[in-house]
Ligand SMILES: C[S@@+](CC[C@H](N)C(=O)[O-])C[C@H]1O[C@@H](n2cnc3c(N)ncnc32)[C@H](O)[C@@H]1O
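Coming up is one lone chain in structure tokens, specifically the form predicted on its own.
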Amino acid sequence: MSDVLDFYDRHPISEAQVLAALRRRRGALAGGPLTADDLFEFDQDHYGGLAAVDTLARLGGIRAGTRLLDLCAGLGGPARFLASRRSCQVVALELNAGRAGGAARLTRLVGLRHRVSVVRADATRLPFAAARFDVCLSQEAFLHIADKAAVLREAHRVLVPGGRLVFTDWVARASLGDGERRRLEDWMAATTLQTLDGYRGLLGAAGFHGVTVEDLADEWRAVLRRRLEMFRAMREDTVARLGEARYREYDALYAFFVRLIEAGKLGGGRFSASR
């Protein structure tokens, strides 16, 4: 757990980075009222941007009035997007204190506190009553949770009968070696990585039915190339905020990750299921 918290404490995409990018775009934060749309270019820390969030929303049937739990919500970009575009009520759950605080502050900044509430808690021990939510959603977060069965059981517990779980996550291929797995855990707090079929089995064991699984390997390969290029284009700003050593560390980490994707050893999956 401490490895995950430390990884995101040092992550280059942060509240400060989002606000700095916004200042460069607008000239100043005082240039009129901000909306969630002003943040979307900068606050979507996941693969595929707004289109990926919208795909999960469609699979989950998210609409006006939906009670949505965003598990491991980070800075809250997807939560704000869904609240503003689909008029749903979102609880954004995040364990890292800095990211939970940043999510709450960014949400206040764009006037969405009436639709998005931020709760700091552990996704494997949700502080909610049973049948509280219509949909649970998550993006590239379960890779950090060692006990994936526990988070899936908790999602099942807090969903209403017929409720939907939709998420994306990294998936391992048979060719991913033990040494590469250890390096991903040491560098990126990625633990107990599952295969597509492994997730299918875990979802069934947690009580879900109607499971659908999509292989996102080809889509993510292109996304990851662009993200590495984007990170390197931000070198000057990242070094100014985090220092040369941290920039080099993250660059090496990300390049290693991209090589695994390119080699077909690591991929992505999109999953949906009903309670």
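Residue numbers run from 1 along the displayed sequence. All figures in this text were calculated on a predicted structure; none of them were measured in a lab.
Here the subject shifts to the form predicted in complex with this ligand, a form of this protein not shown in this document.
Of the options Leu95, Ala172, Cys88, Met188, which one has a non-hydrogen atom that comes within 4.5 Å of this ligand in the predicted bound form?
-> By the 4.5 Å criterion, the partner-contacting residue is Leu95.
Quick one: which of 105-113, 154-162, 195-203, 118-126 gets within 4.5 Å of this ligand in the predicted bound form, going by heavy atoms?
-> In the other structure, the partner sits against 118-126.
Look at the candidate spot formed by Asp45, Arg99 and Ile145 and say whether this ligand comes within 4.5 Å of a heavy atom in all three of them in the predicted bound form.
-> Every residue of the candidate spot has a heavy atom within 4.5 Å of this ligand in the predicted bound form.
Any of the heavy atoms of Glu140 lying within 4.5 Å of this ligand in the predicted bound form?
-> It does: once this ligand is placed as it appears in the predicted bound form, Glu140 has a heavy atom within 4.5 Å of it.
Ala83: heavy atom within 4.5 Å of this ligand in the predicted bound form?
-> Answer no; every heavy atom of Ala83 is more than 4.5 Å from this ligand in the predicted bound form.
Contact between Cys72 and this ligand in the predicted bound form at 4.5 Å, heavy atoms?
-> The answer is yes: Cys72 has a heavy atom within 4.5 Å of this ligand.
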